[in-house]
Structures are given as C-alpha cells and as structure tokens.
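Presented as structure tokens, the chain that follows is alone, the form predicted on its own.
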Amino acid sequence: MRRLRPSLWLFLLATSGAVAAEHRFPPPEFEAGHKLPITTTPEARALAWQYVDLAVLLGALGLALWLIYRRRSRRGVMWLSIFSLGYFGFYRNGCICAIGTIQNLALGIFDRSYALPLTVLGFFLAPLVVALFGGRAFCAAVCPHGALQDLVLVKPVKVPGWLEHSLGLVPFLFLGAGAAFAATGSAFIICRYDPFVPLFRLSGSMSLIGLGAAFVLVGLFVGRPYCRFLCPYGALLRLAGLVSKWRVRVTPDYCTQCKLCEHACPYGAMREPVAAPTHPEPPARQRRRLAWLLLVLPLAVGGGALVGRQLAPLAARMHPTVALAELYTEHLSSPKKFPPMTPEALSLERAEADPKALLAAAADLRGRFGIASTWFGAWVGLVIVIKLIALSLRPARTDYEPDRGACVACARCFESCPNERVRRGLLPPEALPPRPLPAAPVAMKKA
C-alpha cells in the first residue's frame, strides 16, 4: 500500500470536513473546454527534508539540555526559543510537530492499513525520552507553541490555585479525545483546532485565527495558557517530568528563602517550603483516606466507561460515512424527495451506488467508536481520581523547589536567585543573607 507522507496526511485529516465533502459529492458538469483549477495546496515535504527536521529537533533538544543544566542561561534559552519559533513555527508552518503526532500513533495502533512514518515516530518519542531524563526541555525552548507564548509574556498574573488545578485536567481530557477521534479515523482534532498553526501559516479560517489571537492576548498576562491548560502533549511531558532523572534546581548552594524565584516564575510551578507538622495526621487516617480513593478508582473508571459507551452512537454520527448511512437508512424507511443537486440528493445518489459497502463501512465505524468512546470514558474517570489522590498528598519541603511536572525549564528562576548571581560574580558573597534556620513544626488543624 502506498504510504501518505506525514505532512500531507496531517493536512488531509485536519481538513476532514472538506475531504469528506469531496468524496460525497461528485464534481459538477461543466461546459466543454472548462479546466479544473490547479490546486494551491503545497506539496508534501520531501522525505530527506523530513529527516532534516528530525535532526534539527534532536539538536535543539540537546542544546536546550545544555543551556538549562550546564550553562543555566536564561538568555541562551530565549535565543533558542526564537530559533525554534522561526524554524518549526513560521518556516515549517507548525507541521509536523510533536503535539499532533499523538494522533498519528493512535491511528497507527488501531488501523493496520496506516503505516506510521519513522519521522513522525521520532517527533513523538524524542521529547518524551528527553523528559524522562531532563524534564520538559522541549517545552523550554524547542516547541514553537510554547516559544511564542513565552516571548509575548509581558506582565504575568498569578492564577488562583483552585483554577490552576481545575483547568489542569483539560489537557489530559483533550489528550484522550484526540486519541479517540484519531483511532476511529474520524479527524485529527488536535491539529484541526490548533490555535497557533493558522498564525504560523498566516492563513486559515477566521475563527481559528481569532482563537490564536485570543491565546496570544491572554498570554501577555497569563503564562503559557495553551501549554498549561490545553496542550495534550504537554500532559504527557508533565507525567514524564514527574519521574525525570534530573530536575531544575533554583539555587546552586543553599536556599535563602528570599521568595524571589517564586515571584520570577510566571507559570505557577514554584512550590514553597512545607514544614513538618508538630502533630502529624495519624497513619490510620491517612490509610483510610487512601483506601477510599483506591476504592473509588475502579468505580470511576467503570462508570466513565459505561457513560462513554452510551455516548458512542452520538459520537459516531460525527463521522460523514456514518451520517450518510443513517440518512440512507432513514430514506429507505420513509422516502423523501429532495430538490436536484442539493447536498441531500447528491448524498443519496452516492449511497445508492453501493449501499452494501456504505452500510458495512458504517457498521465498522460504529464498532470503532464504541471501543474508543468506552476507553475515553474510562480515561476521564481515571484522570479525575488520580488528580484527587495527588491533591491528598502533602509532601514536606525545606526549600523553594520547582514542581517537576509543572516546570517548563524556562530558566527565569536562575536569574532571580541571589546564590546564582554570586556564582556568576554579579554579587559579592557577603551580599547573601545567612543560611536560614530549619522551619519550626506547624500544628495541624483538627478536622
């Protein structure tokens, strides 16, 4: 089977509505001598250049790790962000990017006829592997979406904690929805509703351009709103960052508790010290709370799966083949006359050409949607309960530390730390305050 080049495949699926219309409605008859216009869609990038893009990605990831952990340079990270925005964003038009490869992988798993290109697999795996060892270096300066938001940030405001945690669930839900739609072959919704690709391409629907402009405007005051509250690939990198071998450390020596790093972080990733309580919660109560949450976990997963299964027929109707099959079946039971050359008349004409194949394809798609919707519902239940378990944990901290999952390694906190400035020779050693005493135990409030 001939394999579609990845950029062409992404374009076709990102415009699945138009593609489906072309399959459903034959081109109209024109007078003799008429010539169909030449398409203005650019050709897919040559395979050799796709490997060049992958090589640039790997080089940029390596440079980002060096700048973050060896040089500890905010200026270097910023210049790399500008390069990534120019190359992966405006030059490569935001395609192919690691964010959209989630859908290619899901389609490759559930559709044996689709051959997953090696370059796409490389774009999916490389940032994840790096995150397992060095945190979210991809988000720091390689992703064009993050680079654009990072560079336009002017006056960041702090997002309330309850809103941060609530919106933090959205990327995981979007991840599940994107994988489900791609697995059924319906659409690549992550690419279709990407708010920045139309800005990179300087073209697109007015609604998407407006959405991208809105994210940029919000990004002037809220640090990386897309990365924190919508990006599905960022959700995967967040999980990988939690178990990373190396992590960003603000101070090279000891923490002076000056809180400057907390004010310098615009992404809500800095965690303040938490002293051990004088009267710790009884272990029996902790075990009971964890036991209840673990008991709720399978119930939430199972309940979500049942709800997802019930919504499968509704989701399946979003696929043009299923919608056409239902229109044809409804027409057989209660025939209706539509005016000639209307979309309904042309659709029925298309269906009557080979009704058995149409109904068989629709039945296969309904089965796929049943499986995908069930898994998506289970995923929603799992995400919610895992979030509750994470919120119930109260780790003790003695210093200000970046959260491994939330930190995007932008290196802003390095510039704010007095210890780091002394190390660079920007401050004399005597300018440092004395090492703080250990925090006194805090009495816990009785329930």
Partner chain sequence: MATAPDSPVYRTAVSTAWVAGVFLVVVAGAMLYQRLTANSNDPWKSPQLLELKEQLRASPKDEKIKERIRELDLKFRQRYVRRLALTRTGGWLLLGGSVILVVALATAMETRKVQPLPRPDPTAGDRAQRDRAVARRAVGVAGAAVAVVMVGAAATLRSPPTVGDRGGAGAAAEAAKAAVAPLPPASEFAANWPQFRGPGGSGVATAAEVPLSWNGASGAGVAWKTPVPEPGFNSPIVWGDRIFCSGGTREKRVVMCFDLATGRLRWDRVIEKVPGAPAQAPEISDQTGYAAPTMATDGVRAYAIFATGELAAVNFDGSLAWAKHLGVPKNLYGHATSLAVWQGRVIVQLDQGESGPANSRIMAFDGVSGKQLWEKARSVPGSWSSPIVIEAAGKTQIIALGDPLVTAYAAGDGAEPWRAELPGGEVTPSPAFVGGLVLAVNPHNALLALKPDGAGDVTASHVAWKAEDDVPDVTSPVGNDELVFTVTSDGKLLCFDVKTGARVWMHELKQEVQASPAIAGGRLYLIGSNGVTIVAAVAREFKELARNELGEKIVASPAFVRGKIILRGLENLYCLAGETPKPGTP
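Since this is a predicted model, take the numbers as computed values, not measurements. Residue numbers count along the first chain shown, from 1. C-alpha atoms forming the largest set that superposes within 1.5 Å between two forms make up the rigid core.
Keep in mind that the form predicted in complex with its partner chain is not shown, yet the notes after this line are about it.
Closest heavy atom of Arg288 to its partner chain in the predicted complex, within 4.5 Å or not?
Contact with its partner chain, no.
May I ask you to check whether Gly377 falls inside a 4.5 Å heavy atom distance of its partner chain in the predicted complex?
Output for Gly377 is yes: heavy atoms within 4.5 Å of its partner chain.
Would Arg74 count as touching its partner chain in the predicted complex under a 4.5 Å heavy atom rule?
Taking the distances in the predicted complex, the answer for Arg74 is no, it never comes within 4.5 Å of its partner chain.
Within a 4.5 Å heavy atom cut-off, is Leu295 in contact with its partner chain in the predicted complex?
Because no heavy atom of Leu295 falls inside 4.5 Å of its partner chain in the predicted complex, the answer is no.
In the predicted complex, does every one of Trp162, Leu220 and Leu260 come within 4.5 Å of its partner chain, counting any heavy atom?
The answer is yes; Trp162, Leu220 and Leu260 each reach its partner chain.
Let me know the one among Ile384, Leu54, Ala60, Ala406 whose heavy atoms come within 4.5 Å of its partner chain in the predicted complex, would you?
After the contact test, the surviving option is Ile384.
Can you name the residues of 316-346 that have a heavy atom within 4.5 Å of its partner chain in the predicted complex?
Going through 316-346 in order - heavy atoms within 4.5 Å of its partner chain in the predicted complex - the hits are Arg317, Tyr328, Thr329, Leu332, Ser333.
After superposing the rigid core, is the C-alpha displacement of Leu348 2 Å or more between this form and the one not shown?
Yes, Leu348 moves 2 Å or more.
Once you overlay the rigid core, does the Cα of Arg75 travel 2 Å or further between this form and the one not shown?
No.
Cα of Gln286 displaced 2 Å or more between this form and the one not shown, core superposed?
For Gln286, whose C-alpha is compared between this form and the one not shown after core superposition, the shift is 2 Å or more.
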